[in-house]
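What follows is a single chain, given as structure tokens, in the form predicted on its own.
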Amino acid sequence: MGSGEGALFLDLAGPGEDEQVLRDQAHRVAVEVLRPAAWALDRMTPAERIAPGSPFFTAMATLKSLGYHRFFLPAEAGGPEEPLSALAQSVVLEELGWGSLGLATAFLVDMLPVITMARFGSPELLAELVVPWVEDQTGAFHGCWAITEPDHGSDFLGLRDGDAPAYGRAQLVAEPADGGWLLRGQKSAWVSSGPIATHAAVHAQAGREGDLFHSLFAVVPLDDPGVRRGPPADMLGVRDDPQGELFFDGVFVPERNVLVPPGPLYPAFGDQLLCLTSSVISNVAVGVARAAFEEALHHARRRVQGGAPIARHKNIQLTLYGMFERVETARSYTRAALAHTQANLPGASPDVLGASPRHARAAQVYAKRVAYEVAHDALQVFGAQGLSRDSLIEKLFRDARSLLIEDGTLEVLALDAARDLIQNYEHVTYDLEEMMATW
């Protein structure tokens, strides 16, 4: 199930003692809990993965018992008294991704409803949902993010002014009702943790035909009347986080559960939410890339061909170096992107205007591409052994391939970043003659 190596890299950001302690603990959790659970889940049927006693629930309970789910909350909402630095968050996220992409994904989508409630929720909602979630040490509460629909996938994430009319009617709509809204429709089979979640952060169209901008964002308990779940999907990769459809048959959502109402705030909220998710998942992707590199390095040191370990062959040496280079550069950029995003989210301080979409999207695109390229090269180093279901690199390769689609395809994310830089990139124009006069 892997070599368990975990101290091969130079931390250019210079972690302090606290970050080092967190990294060591998170790595132990990844080795002892996440990888064994992920390995078992990958070999189960979809129904077995969500059955009582599944390793999925054991892994989530472990993370909650250690308080990991509180690391990313502000102190006033139940987070640490001393907020974790962006570097500390990056360290933890990378180790979780190293251990299991699927369980790391489940960990992140679990937090999304609560983080948004902590920022936008009413006192009543905080008392009813956030406090029990914060105090949970068994995994009794679990969140998911219900955004994609059968006819609206990654493209939903990149909507800008002028795009919406081409998208027609959403498949989940919100109709005004006395004291709230009625949800009718469905979300796609790719809702991560959908089959087992207790609550969902839900996007629903509340505007006219073709207007996805006037959508609302609400938290919905999934045991409410009218909520149905489809069967868990059987996926190529990321099998350690169950995915499945959610159906809403006239589900009533009270106004207090609506975190962002339809209107001008919604597009800006979605844009900044994607900055946060992009910078977070990019650090998880670095963990996947590092896991694949370490597997390849460990294999190359012990695999003998032509009378010597293959690590002595120059083509393998160049391949390993190229993998190392990509992991290091991805780590450096994704950590910088997360730090920028955390410091510039609206509400982080009175004078910030928001995180940079192009930088956050670039972090996700680059890190996910690196994870796939490194996993691809690692499988090549393994040769035929890497194609065996008994090899961890086979699972890592499938998971890394899923990353190119999960949480937004690379193409959609890159186009969104391109539009932002075209509209908002600031550059300095130099007068060549004036410059030459100063030389």
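Predicted model, so just to flag it, every value in this text is computed and none were measured. Just count from 1 along the sequence shown to find any residue number.
The same protein also exists as the form predicted together with a small molecule; that form is not shown, yet it is the one meant from here on.
The small molecule in the model of the complex comes within 4.5 Å of a heavy atom belonging to Thr409. Residue contact with the small molecule in the model of the complex: Val288 places no heavy atom within 4.5 Å of it. Under a 4.5 angstroms non-hydrogen atom cutoff, the small molecule in the model of the complex has Trp190 among its neighbouring residues. The closest non-hydrogen atom of Leu421 lies beyond 4.5 Å of the small molecule in the model of the complex. Proximity to the small molecule in the model of the complex holds for all of Gly153, Val238 and Leu415, with the criterion being a heavy atom within 4.5 Å. None of 24-32, 59-67, 397-405, 38-46 except one has non-hydrogen atoms within 4.5 angstroms of the small molecule in the model of the complex; the exception is 397-405. Of the candidates Val114, Ala146, Leu96, Val280, Ala146 is the one whose heavy atoms come within 4.5 Å of the small molecule in the model of the complex; the others do not. The single contact residue among Val109, Leu129, Val365, Ile310, judged by any heavy atom lying within 4.5 Å of the small molecule in the model of the complex, is Val109.
Whereas the displayed form keeps them at a certain spacing, the CA atoms of Leu182 and Tyr266 lie at least 3 angstroms farther apart in the model of the complex.
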